[in-house]
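Given as structure tokens, the chain that follows is alone and in the form predicted alone.
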């Protein structure tokens, strides 16, 4: 039975929680027990459990990928333009799972969660997460749901990196993979911008080494780090069109300055600084070529098909790097397709340009 349909979206089920009493073991060897994993599902799982698609979220979003919990909610899930009835990932055909990964502050046991041994937040004691930990948590949820094999794993940005890691860690569990605006390692220029942002957070006295939860002081370091990160999601063309050198009213402040300040303060009120530095560091540490010796070796056991989507104005993951990834996958014998999309919207295009990304995604998923 399908969900209640609204004008352009639908009413989704509330989040679900998988509790691991024995805990989750991180790649560092540390264990947090008990450990809770929050996830959401959309659509209906068919009788033979063959229509499941795992959607991996990026740094900022949660497991609430689509729909509204209530009809009068102000906004739907973060990828509602792609997931829904009649949309690119069509819920009339597919069952979608989205898991909030370890380290993220949106429900899954995180740095701000209470350590039962101390009665205080884990804070600085929370493990440093890697992308493999994210995949391990997702696999535990799929096991819980009785899903042995995925019709596809799909992700954008850090979510796309998770999709790549999935076909390396569990090649036998994935029929197809869609990676949008991501590669098998973060380009060094992007790492440099990330490092500057993380250093801003950690050098902020209010951060207190990661144990700041008893304080009400604003985390200016997180605000500035978000400004730096936000800039990498845009493009020259988008910045010129949206802001140029305009100033609001008679103010001396440039419009781009007021925009960045507003976005940064809003983000810092909602997101957690410990989560930010850990999740972003996990993104920067992933390097499949280094880990396996080459990308061809990394992907050698995957026998499914793959779709890679690149945006011509993406600073964060330039299309030339995604083209190299495509070549490596082809060399590994994978039926891989590269779709290069022209857009002024930079890295953020995966959250904006649904008319451009829907056709290749829908066409790819139809190739069964």
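Numbering follows the first chain given and starts at 1. Bear in mind the structure is a predicted one, so any value in this text is a computation, not a measurement.
Beyond the structure shown, there is the form predicted in complex with another copy of the chain, which is absent from this document and is the topic of what follows.
Partner contacts here mean any heavy atom within 4.5 Å of another copy of the chain in the model of the complex, and among 271-279, 136-144, 97-105, 235-243 they occur only in 235-243. Just one of 266, 120, 199, 149 comes within 4.5 Å of another copy of the chain in the model of the complex, counting any heavy atom, and that one is 199. With the partner omitted here, the residue from 127, 171, 187, 210 that has a non-hydrogen atom within 4.5 angstroms of another copy of the chain in the model of the complex is 187. Heavy atoms of residue 203 reach within 4.5 Å of another copy of the chain in the model of the complex, making it an interface residue.
When contacts are judged by a 4.5 Å heavy atom cut-off, residue 193 counts as touching another copy of the chain in the model of the complex. Contact annotation: residue 220 falls within 4.5 Å of another copy of the chain in the model of the complex, judged by heavy atom distances.
Although the partner is absent here, residue 247 is a contact residue: one of its heavy atoms lies within 4.5 angstroms of another copy of the chain in the model of the complex. Taking a 4.5 Å heavy atom cutoff to another copy of the chain in the model of the complex, the contacting residues in 217-231 are 220, 224, 227, 228, 231.
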